[in-house]
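Presented below, as structure tokens, is a lone chain in the form predicted on its own.
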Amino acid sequence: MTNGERRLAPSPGRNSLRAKSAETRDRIADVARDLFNAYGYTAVTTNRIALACGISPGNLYYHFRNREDILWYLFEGVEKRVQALFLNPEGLAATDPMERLRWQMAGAATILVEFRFFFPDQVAIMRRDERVERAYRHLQGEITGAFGRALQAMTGESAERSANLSHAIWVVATGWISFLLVAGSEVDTTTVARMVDMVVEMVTPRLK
């Protein structure tokens, strides 16, 4: 190893600091998500998040500039999970289409419960952050497009009818939390799982 290579090699201490910083970011994001779920996104301040984390506001600002940065960090994680469910579902190519549909929607239901703060206020939240607005619109188009093509293969219907069904399923899934809240129901794994059954009922009569 040359002297230049030795200089470029990261020190174990530096790697440890990076790992600790990443752990802190994840912890702040997890605590923020729980607070958003409990009190709503707009009601939770960065000071409140810092207090719940047991750190100073200055320490929080070292990792995130503001609440919107925390939301963006959370959204990026959700985006990857949704894409993995509907765009690159590993090991599901040979699975029965309805089994795959149930698996995908059950995964979506888990995300709905975990990030339930976002969906009732999604329009207001997106208006506060252009990054989230652009990314969410892109994700919506990406997922409904892929899902529409999958539904067309399952049902044998036209591209237009399959796209309409895909859009209807998106509306049902992303609006389910609001439906439960308006109905005065608890938002938990059991009540959100009803959405999965509803989607299956929407698709089953149209299978070829």
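Numbers for residues come from their place in the sequence shown, where the first is 1. Keep in mind that this is a model prediction, so the values were computed, not measured.
Quick note: we don't show the form predicted together with another copy of the chain, though the next part is all about it.
**Q** Mind telling me which stretch in 157-165, 22-30, 45-53, 60-68 gets its heavy atoms within 4.5 Å of another copy of the chain in the predicted bound form?
**A** The contacting stretch is 157-165.
**Q** Give a yes or no for G107: in the predicted bound form, does one of its heavy atoms lie within 4.5 Å of a heavy atom belonging to another copy of the chain?
**A** Because no heavy atom of G107 falls inside 4.5 Å of another copy of the chain in the predicted bound form, the answer is no.
**Q** Whether V82 contacts another copy of the chain in the predicted bound form should be assessed with a 4.5 Å heavy atom distance threshold; does it?
**A** No, V82 stays farther than 4.5 Å from another copy of the chain in the predicted bound form.
**Q** Indicate whether another copy of the chain has at least one heavy atom within 4.5 Å of a heavy atom of D121 in the predicted bound form.
**A** It does: once another copy of the chain is placed as it appears in the predicted bound form, D121 has a heavy atom within 4.5 Å of it.
**Q** If we define contact as a non-hydrogen atom of the residue within 4.5 angstroms of the partner, is R137 a contact of another copy of the chain in the predicted bound form?
**A** It does: once another copy of the chain is placed as it appears in the predicted bound form, R137 has a heavy atom within 4.5 Å of it.
**Q** Using a 4.5 Å cut-off on any heavy atom, which residues of 176-204 would contact another copy of the chain in the predicted bound form?
**A** Heavy-atom contacts within 4.5 Å come from W176, S178, F179, L181, V182, A183, G184, R194, D197, M198, E201, M202.
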